[in-house]
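One chain comes next, on its own, written out as structure tokens in the form predicted alone.
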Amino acid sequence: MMTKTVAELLSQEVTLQDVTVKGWVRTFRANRFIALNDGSTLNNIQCVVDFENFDEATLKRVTTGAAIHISGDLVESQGKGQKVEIQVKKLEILGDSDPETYPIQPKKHSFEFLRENAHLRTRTSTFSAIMRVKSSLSFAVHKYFTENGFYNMHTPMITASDAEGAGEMFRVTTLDAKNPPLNKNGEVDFSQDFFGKEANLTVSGQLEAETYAMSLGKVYTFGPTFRAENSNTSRHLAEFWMIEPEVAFMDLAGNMDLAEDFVKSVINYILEHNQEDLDFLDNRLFNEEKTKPQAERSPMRLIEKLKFVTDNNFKRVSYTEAIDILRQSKPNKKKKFKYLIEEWGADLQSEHERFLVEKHFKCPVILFDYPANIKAFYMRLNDDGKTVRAMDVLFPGIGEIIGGSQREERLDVLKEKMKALDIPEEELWWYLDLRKYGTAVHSGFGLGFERLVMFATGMGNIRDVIPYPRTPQNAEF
């Protein structure tokens, strides 16, 4: 007997004798029709039981959530809604599910309720679709970089440096929390800690990736990063995954080319390989949007939004030009923006970024040459002394999705910038070494993977695109 997945059985063009399948019961109707799902596809396969041929005690155990093993013949379906179904010859209960206590009953559940039952939420159509799309995107990331000559590297998760300079880091320590050793100044003596110094969970693998790019040429990281930022928003997580390529001998223009090509490639991959799941998520979002006031609805459906990215050339606009556009814009003049744009140097909010993409240019936008004082120390200073060679890729619906820059390759300029920001040279001596021994122009960017998954699936909350979200006051599961 051939054991098949539900996806394989549903794709069969012919009837088959003696097939076997295992999965979880979604519903059992009229003591006759079992809807079975095994996670391989959005769709259930209908298994038809002739209840007169089965023990009543066994049939009573066919409840929502139960794991079962079915053997029978795959035949053309008599009813509507499916091409094929299984005429059940043998039914075995592998694992019972108590219908009184099983949380994922066949009815509509709120996303808040499903977050509380995150260990079971992938048994719903929405979350199984999200996680299959996420898996495909992950594969597409590695595929793209491998095919384009990049080497994958694993940067350390425990670090003694703060790449972003924001200071919002989780400490890693083995010191006694109640009675830590103190030095003569009464401060915690980290020389007695496990690493002999203060250590934290990383906020980015970028600095380490730069070191490898300056010998291997093209590298990328794809790993977990951590921010101890007390942001309880629908877009922030304390633990998330980052994709960070770094490339030697590549300037800002090359960096923009890479970001555009990369993001189009991974989105094209899911459009080709996850059509069934994307169609479902597209309809889910469309129905959800219908419940919102007209002004809050997205002008585009999900698949339309994905094709908006893959089918358009990204418009490249300097920060200075963008500020002028925003300052003169109707929403700014009529005070419709929550944050009004009054002068050059303002940090753009997602409402501004979305205006540029959705209303003004009507295509994805790459902003570049930002004011130096709102960007990180490692970004290459322009000749004007005011701006850096930074770039942000802006998408419809969310605003910034990728942030990157040409890195500062000049030792003297980098030292000056670190001094101005009170970053001790001895902390990053190895990073400065790159500028001493064979320095060259190099660039890279960072993409928060879960933000990309949000965009690709149409989900409104980042907690719904990661298996077990880590947020302020929440480390359940």
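Quick caveat, the model's predicted, so the values are computed rather than measured. Start at 1 with the first residue shown and count on from there.
Heads up, the form predicted in complex with a further copy of the same chain isn't pictured, but that's what we're talking about next.
Just one of 79, 186, 299, 385 has a heavy atom within 4.5 angstroms of a further copy of the same chain in the model of the complex, so which one?
None of the other options qualify; the answer is 186.
Which residue, 337, 102, 286, 111, has a heavy atom that falls within 4.5 Å of a further copy of the same chain in the model of the complex?
Spelling it out, the residue with a heavy atom inside the cut-off is 102.
When a further copy of the same chain is placed as it is in the model of the complex, which of 310-318, 326-334, 224-232, 83-91 ends up with heavy atoms within 4.5 Å of it?
Checking each option against the 4.5 Å cut-off leaves 224-232.
Using heavy atoms and a 4.5 Å limit, would one call residue 30 a contact residue for a further copy of the same chain in the model of the complex?
It does not: once a further copy of the same chain is placed as it appears in the model of the complex, residue 30 has no heavy atom within 4.5 Å of it.
Answer yes if any heavy atom of residue 239 is within 4.5 Å of a heavy atom of a further copy of the same chain in the model of the complex; otherwise answer no.
Result yes; residue 239 sits at the interface with a further copy of the same chain in the model of the complex.
Though only this chain appears here, would residue 389 touch a further copy of the same chain in the model of the complex if you measure heavy atom gaps against 4.5 Å?
Judged by the heavy-atom cut-off of 4.5 Å, residue 389 is well away from a further copy of the same chain in the model of the complex.
Answer for residue 448 alone: is it within 4.5 Å of a further copy of the same chain in the model of the complex, judged on heavy atom distances?
Judged by the heavy-atom cut-off of 4.5 Å, residue 448 is well away from a further copy of the same chain in the model of the complex.
Could you list which residues of 119-142 come within 4.5 Å of a further copy of the same chain in the model of the complex, counting heavy atoms only?
Stretch hits, in order: 119, 120, 122, 123, 128, 131, 132, 134, 135, 138, 139, 142.
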